[in-house]
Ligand code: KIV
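There is one chain below, alone, in structure tokens, taken in the form predicted on its own.
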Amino acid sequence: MKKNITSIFNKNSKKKITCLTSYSFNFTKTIDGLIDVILVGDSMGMVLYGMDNTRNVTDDMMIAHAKAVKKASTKSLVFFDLPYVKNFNETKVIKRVKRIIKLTKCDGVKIEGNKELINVIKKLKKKGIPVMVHLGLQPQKFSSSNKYKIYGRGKFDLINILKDAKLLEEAGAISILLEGVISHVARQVTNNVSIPTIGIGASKYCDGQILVSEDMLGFFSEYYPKFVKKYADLSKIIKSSVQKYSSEVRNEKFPSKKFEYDQ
């Protein structure tokens, strides 16, 4: 049964919201229904394309991947990241969101930004398009992932994020994703808004959690952010499997008679 967007984003239910990223049909088939929300994240730029930031992901790239994910998902909700554009323009942002929604049939959009999104959210809400906002560390503001900084240590960080959170909630956002936010700030935001918060590196105090699937499954062997818990080590499993395959091919053990077609 398809998850209901109203019940999933109901803060009063006290049930933690589970979210993961996906960019492909087959992976989505595997996780569909096991989590509440699948995000077609602009993290695909780094995860799939080897980019150093999320800025070079285009609308057309997002559309291609979101179509595949939405096609595979019959139970989980599917949201997509609105890709970065250097110069913010309210009308263009709304037009882009509506285009991607129309072509992908996704259930909602996540947008990075602050109070400049107020009218965007209001107008998208009128069109029946749910918006999840993204506060705290906003990767699209950085030209390199090496420049990412944890949010909440500055003198006015808490004041600013609380103000933005309340304004975007009042505009009609259905949820707030908090990234790279120190614990007490995440707790204050969560306690002071009536819509659920989704954390990534933002402590247990959020109403839900999201991780990049490839991170939590151990696809990579290099550096991991502090907030990532590895639930598997697929990189090791994949390497071992490929080594075994290569060895069997070279030693003529594969394909054996079992894997051949007879007349």
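Residues carry their position along the shown sequence, with the first being 1. In this text the structure is predicted, and so the values were computed from the model without any measurement.
Quick note: we don't show the form predicted in complex with this ligand, though the next part is all about it.
- Contact check for K123, I129 and A171: none of the three has a heavy atom within 4.5 Å of this ligand in the model of the complex.
- Within this chain, S43 lines the site of this ligand in the model of the complex, having a heavy atom no more than 4.5 Å away.
- With a 4.5 Å cutoff on heavy atoms, E179 counts as touching this ligand in the model of the complex.
- In the model of the complex, this ligand sits within 4.5 Å of a heavy atom of I210.
- The shortest heavy atom separation between L39 and this ligand in the model of the complex is within 4.5 Å.
- In short, of 28-36, 66-74, 234-242, 210-218 it is 210-218 that has heavy atoms within 4.5 Å of this ligand in the model of the complex.
- Of the residues in 102-140, those that come within 4.5 Å of this ligand in the model of the complex through at least one heavy atom are, in sequence order, K110, H134.
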